[in-house]
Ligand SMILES: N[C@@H](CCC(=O)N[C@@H](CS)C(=O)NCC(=O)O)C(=O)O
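To begin, one chain is listed below as structure tokens, in the form predicted alone.
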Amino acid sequence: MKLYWYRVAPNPTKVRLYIAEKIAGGAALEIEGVLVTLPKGEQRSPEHRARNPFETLPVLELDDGSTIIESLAIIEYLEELYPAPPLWGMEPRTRARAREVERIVEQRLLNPVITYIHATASPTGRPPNADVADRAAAEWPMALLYLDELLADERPFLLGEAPTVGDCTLAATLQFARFAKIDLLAGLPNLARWDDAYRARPIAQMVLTL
């Protein structure tokens, strides 16, 4: 299998962190990484369009040449193939909670951050839009407070003692914010502690560059 990605881009980073967590836990995952340079427009090449007509990353190319083009679908596919260690949890209630928290991180934090960055100083050249940026920036404070409160008991990961997909999504989000010089952690000591601890892990250092 091949994973097409670009450094710092949050959705590829989420998947790469997930893969790193699985491998560290003993999963025999073998995936070749293929860099697609977004600022150079390589995502618009005929070759990449054949893999993904939406011109986005990540893309997982399977051994038969077919592709999966959404980050969460890639994670779900790999989780089915390599169930151990489980990054959604073992029990139905635990898995539901893990998916709930991951969706909160992506929908209420990552997506507004992506929108804000592309509406202010887009790394791929999109035109600025102040109104869009203001609306996006108004969306993420509640999610940040929610996550800070979730971590108030000093748990090492979002759902306790082991990482889940939500931790991967959150780390990818915060890296993208650092790339754009957005301080999301001011006044959020629990979230800042989590960020420092997660980034200090060798697994994270294999993927994160900021």
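Remember, it's a predicted structure, so these values are computed and weren't measured experimentally. Numbers for residues come from their place in the sequence shown, where the first is 1.
One more form of this protein should be noted, the form predicted together with the ligand, which is absent from this view; the next part is about it.
Q: Taking the ligand in the model of the complex as the reference, which of Arg155, Lys40, Arg44, Lys181 has a non-hydrogen atom within 4.5 Å?
A: If I apply the 4.5 Å criterion carefully, the residue I get is Arg44.
Q: Looking at Leu150, Ile69, Ala27, Leu144 here, can you tell me which has any non-hydrogen atom within 4.5 angstroms of the ligand in the model of the complex?
A: Comparing distances to the ligand in the model of the complex, the residue within 4.5 Å is Ile69.
Q: Please state whether all three residues Arg99, Val165 and Thr173 have a non-hydrogen atom within 4.5 angstroms of the ligand in the model of the complex.
A: No: none of Arg99, Val165 and Thr173 comes within 4.5 Å of the ligand in the model of the complex.
Q: Even though the partner isn't displayed, in the model of the complex is Ala9 close enough to the ligand, meaning a heavy atom within 4.5 Å?
A: The answer is yes: Ala9 has a heavy atom within 4.5 Å of the ligand.
Q: Check Glu55 for me: does it contact the ligand in the model of the complex (non-hydrogen atoms, 4.5 angstroms)?
A: Close contact exists here: in the model of the complex, Glu55 approaches the ligand to within 4.5 Å, heavy atoms only.
Q: Would Arg93 show up as a contact with the ligand in the model of the complex if we use heavy atoms at 4.5 Å?
A: Contact with the ligand, no.
Q: Taking the shortest heavy atom distance, is Thr115 within 4.5 Å of the ligand in the model of the complex?
A: So Thr115 does not count as contacting the ligand.
Q: What stretch, of 156-164, 27-35, 56-64, 181-189, brings heavy atoms to within 4.5 Å of the ligand in the model of the complex?
A: Stretch 56-64 is the one.
Q: Going by the ligand in the model of the complex, which residues of 104-128 come within 4.5 Å of it through any heavy atom?
A: Residues within 4.5 Å: His118, Thr124, Arg126.
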